[in-house]
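The data below hold one chain only, encoded as structure tokens and taken in the form predicted on its own.
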Amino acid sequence: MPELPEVETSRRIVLTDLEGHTVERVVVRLPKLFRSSEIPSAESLIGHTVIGARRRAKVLMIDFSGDLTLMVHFKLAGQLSVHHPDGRRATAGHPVPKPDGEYPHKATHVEIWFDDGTVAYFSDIRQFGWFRLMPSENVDAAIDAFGFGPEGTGDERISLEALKKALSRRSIPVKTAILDQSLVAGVGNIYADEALWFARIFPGTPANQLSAVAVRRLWEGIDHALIQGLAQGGATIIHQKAYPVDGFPAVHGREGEPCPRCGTPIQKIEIGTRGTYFCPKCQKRPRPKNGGSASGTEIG
């Protein structure tokens, strides 16, 4: 968190609430967040107008006039909150700071003030996120350097055949595989759990042991989970507890609650250091092959 749906929601907020407005002031409280910036001073944005916003995987790119682009990675706890002079707010990303609370919060590290009085607050309680300011012409090369795979949904969605081929080469748990951004871009912990529940696959199943039918269900599940997240502007998870809307999230953050499909209590295990939620009835552990065992350590 934030993952593809939250970052895509941030992109849409930029287009709806900031496009066409000119920067008047920039406040940076934590300079270390500006990493590897070709243009080191954030104040270089002053006088420039927002002309667009793009997203690739979990990276947001805000384009300004004068061939400037601000690249933002929210990492684990980033948040964008746009406040208008009339009191309207639009927020995406991590639930801290509280969207209806006081800003700037102690975790607010960057403020961008615009000509109409609107303020964009960038907060990050974990301080893992980063910003890069660069000439717009350098953005494509910067994105290529990440080595992102195809998107999990949308026009650039990974093909079924590409997913089959990639998974067939990996003996690691399938959840770990689909979290690899070079395989599927934009899928994070929440949506991996949701996709695997949709597909009825135990998260610790070795990726190369999935049947063709299971891979198809997973391919559909990734798309489904991300679309559901986009419809909500991102899943609501606070202190590892889900606050579902229309039954989504179905399993993530819902340990001990009944599975929406069969009523069995949701369990939590650890796979690759990631807290993982699943239904033990809908997502049965596969029988071990060659004396091995399906990954997954009980926790909580």
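Throughout, we count residues from 1 along the sequence that is shown. Computed from a predicted model, the values in this text were never measured in an experiment.
If you look for the form predicted in complex with the DNA, you will not find it shown, but the lines that follow are about it.
When the DNA is considered in the predicted complex, S171 lines it closely, a heavy atom lying within 4.5 Å. At the 4.5 Å threshold, heavy atoms of P40 stay clear of the DNA in the predicted complex, well away from it. With a 4.5 Å cutoff on heavy atoms, K268 counts as touching the DNA in the predicted complex. In the predicted complex, the DNA lies within 4.5 Å of some heavy atom of F146. Exactly one of the stretches 133-141, 183-191, 210-218, 83-91 approaches the DNA in the predicted complex with heavy atoms within 4.5 Å, and it is 183-191.
Scanning M71, I125, V119, I158 against the DNA in the predicted complex with a 4.5 Å heavy atom cut-off leaves one residue, I125. Taking a 4.5 Å heavy atom cutoff to the DNA in the predicted complex, the contact residue among K241, H48, R261, R35 is R35. In the predicted complex, K106 is the single residue of 90-115 with at least one heavy atom within 4.5 Å of the DNA.
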